[in-house]
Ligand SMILES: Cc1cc2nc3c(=O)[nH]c(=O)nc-3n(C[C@H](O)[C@H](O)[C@H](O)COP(=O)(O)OP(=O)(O)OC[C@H]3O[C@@H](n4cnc5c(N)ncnc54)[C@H](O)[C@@H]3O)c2cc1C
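Here we start with a single chain on its own, the form predicted alone, put down as structure tokens.
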């Protein structure tokens, strides 16, 4: 029986283990953390085929420079002399073109639809109950500029076969009758769904352990044992040996890859979220506040999660309360009746793995015959998790991938 070591116990690593075990592989997962509180837990829980536009888009660089002057802005890059950040930034700027956005739409759509379908299958499997709901998602907008952009997005979405509708304020109010809102209108993406990420991760871990998958936490990868074009073992406290290795270490993927002399441009984009239990308002659908870039999600047990910001900063930078204040101030602009104190004991933050062009890295780098890279999903890690895990298993099993993965080539920046 062939064996696989998966470096990283986030949603990508766990889904890869799930499908590799189904294929008959002996699987071992290594993770630097305790696997209790990463980005796979604190995210908005969206399964969003509507997110077919990559992070590297026209205009984001200009906005980024503008927002750098605002400590509460949705997107912030902390200036620092760091070779990894500078290298990533130059590649990101080069990638942020209209042509890149157009090329990326179909690959992102296809992997997202695959992932959503697979989550639907997992949701009805024994031992899983992560509150999967297919209610769609509503994107609110407040300005005429974004109203025009919304019209274009609806056209693009429907051309891609993703059902979307432009809604007036009154139509949005019908879908969210309990909210008092100050908006112009919204987009209703019927193609989207959502789930409770904390329960999904718990269910996946329990399922894998019952099946005999070995999970080692607090295991930082310090090096590799290589021979020519193959990885023989992974050094992490002790030496682990396997026939195949999957690198799914999230925001740390670039750092781990350098130990293999691989260049995979990656930085951590810090996001924040706050989850309320039994809040004094009712939210029916997942919501995105367009101008504020804030996500609001109704979750299991009458919970509501607010999340947002993309803060490009070092891993040792302390969390910044002003980022969370920015989220809450933005929410109040859309919902004037919301007067919520910031529960400082419930603030979550984590680092999303951001590639240099907004697309994930999925595939085999040419340097090693038995390595698969699966990382760089930015804000779409959960959304694309099941699909990525399935693709990883297909690559290792030498099966035809369920979607075209050429756009996700991990060697594209070599």
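Everything quoted here is computed from the prediction, not taken from an experiment. Residue numbers count along the first chain shown, from 1.
Just so you know, the form predicted in complex with the ligand exists too; it's not on screen, but the next bit is about it.
Using a 4.5 angstroms heavy atom cutoff to the ligand in the predicted complex, all of 9, 272 and 348 count as contacting.
Under a 4.5 angstroms non-hydrogen atom cutoff, the ligand in the predicted complex lacks residue 246 among its neighbouring residues. Although the partner is absent here, residue 40 is a contact residue: one of its heavy atoms lies within 4.5 angstroms of the ligand in the predicted complex. Within this chain, residue 386 is remote from the site of the ligand in the predicted complex, having no heavy atom within 4.5 Å. The ligand in the predicted complex is not approached by residue 229, whose heavy atoms all lie more than 4.5 angstroms from it. In short, of 252 to 260, 238 to 246, 103 to 111, 333 to 341 it is 252 to 260 that has heavy atoms within 4.5 Å of the ligand in the predicted complex.
Residue 221 is the only one of 162, 264, 221, 296 with a heavy atom lying within 4.5 Å of the ligand in the predicted complex. Residues from 21 to 42 that approach the ligand in the predicted complex with a non-hydrogen atom closer than or equal to 4.5 Å are 30, 31, 32, 33, 39, 40, in the order they occur in the chain.
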